[in-house]
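One chain comes next, on its own, written out as structure tokens in the form predicted on its own.
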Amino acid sequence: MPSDAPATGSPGSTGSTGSTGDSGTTAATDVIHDIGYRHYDGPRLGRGYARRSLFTQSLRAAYGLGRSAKSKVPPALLFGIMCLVALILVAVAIGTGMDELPLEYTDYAIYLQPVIFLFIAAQAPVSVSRDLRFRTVPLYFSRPVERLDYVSAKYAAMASALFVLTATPLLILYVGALLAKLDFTDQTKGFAQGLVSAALLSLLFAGIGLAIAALTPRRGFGVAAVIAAFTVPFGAVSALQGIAWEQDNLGAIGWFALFSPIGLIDNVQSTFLGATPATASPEPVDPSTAAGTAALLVALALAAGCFLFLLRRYRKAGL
């Protein structure tokens, strides 16, 4: 090689090379730098693992696990209230020697619905609004995670969190009833009916809460909107049911329940699970079979509609 040949940089160099022209200036040339990146040769866990991980993380986040101490207080407090009421009922049944529990298994969620409303209003925005606000959804979709995986994991996690919230008190009631030596057959049947009702409630409420929370990246707006979506229809339906009772139009009471999420659950369990209706009328009024069937269909259609809405919502959010 001639002694006056220009010097070239090696791939691992950190400097730059150049040549000097007639004007005396140095022109930089391109250099390839080796900064130590290595290819991943380990196992590829795939979509299934990513979906399970997202489900686990979302379920833990619903109860504040893995988050700050401040984030653990609201879900822990609401969960404690649900369980404390069940413990009080068991203590009353045992202490007074009652032949049955003061409250039916299927009625528990109906009477403690404000606690459930607060839980879903507080945790649904945590599950989806933060991802929208901080624009982390595209990061999820850059991995082997598709929209269906993301929505399925979030929906399943929120429904599971609600089922834990509503089913745990029922388990406390059941164990307490057995300790009080109440009839095993009746208690087991009631406990099973309560679990079915809790599962349907969790599926429906999770869909409604997530669909509303996914509309806004602002957590405060999401909380207020979810609370309004549950409480306003309940108040309006209760008023209409009271008017129907006053006008002796008892057949309309069950149909009015179709316009409230908690009314749908009440109609279904009253028609198919043998529960006592929790209507706003002075006396319980059993819904007709047609109204109960319509409530079941509406509840399932509403849950499916919320799931499809979430899929459509994240078609744009992932861009």
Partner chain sequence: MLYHPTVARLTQRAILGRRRALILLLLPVLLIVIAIVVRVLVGADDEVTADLLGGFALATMVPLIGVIAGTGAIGPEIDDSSIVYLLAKPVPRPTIILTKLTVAVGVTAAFSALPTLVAGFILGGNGSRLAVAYALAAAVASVAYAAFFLMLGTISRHAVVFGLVYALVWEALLGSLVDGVKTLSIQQWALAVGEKIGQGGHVVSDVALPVATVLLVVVTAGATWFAAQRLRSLTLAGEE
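It should be emphasised that the depicted structure is a prediction, and the values quoted were computed from it without experimental measurement. Positions refer to the first chain, counted from 1.
What comes next is about the form predicted together with the partner chain, which is not displayed.
Enquirer: Taking the partner as it appears in the predicted complex, which of 203-211, 162-170, 180-188, 71-79 has residues with heavy atoms within 4.5 Å of the partner chain?
Expert: Of the options given, it is 71-79.
Enquirer: In the predicted complex, do V232, A236 and Q247 all reach within 4.5 Å of the partner chain through at least one heavy atom apiece?
Expert: The answer is yes: all three residues contact the partner (heavy atom, 4.5 Å cut-off).
Enquirer: Scan A93, A157, V151, L118 and let me know which has any heavy atom within 4.5 Å of the partner chain in the predicted complex.
Expert: When the partner chain is considered in the predicted complex, the option within 4.5 Å is L118.
Enquirer: Please tell me which of L195, L87, L240, L103 lies within 4.5 Å of the partner chain in the predicted complex, judged by heavy atoms.
Expert: It is L240.
Enquirer: Do I227 and the partner chain share at least one heavy atom pair within 4.5 Å in the predicted complex?
Expert: Yes - in the predicted complex, heavy atoms of I227 and the partner chain come within 4.5 Å of each other.
Enquirer: I'd like to know if P114 sits close to the partner chain in the predicted complex, meaning any non-hydrogen atom pair within 4.5 angstroms.
Expert: It does: once the partner chain is placed as it appears in the predicted complex, P114 has a heavy atom within 4.5 Å of it.
Enquirer: Flag R147 as yes or no: does it have a non-hydrogen atom within 4.5 angstroms of any non-hydrogen atom of the partner chain in the predicted complex?
Expert: Heavy-atom contact with the partner chain at 4.5 Å: absent for R147.
Enquirer: Applying a 4.5 Å heavy atom distance criterion, does G97 contact the partner chain in the predicted complex?
Expert: No.
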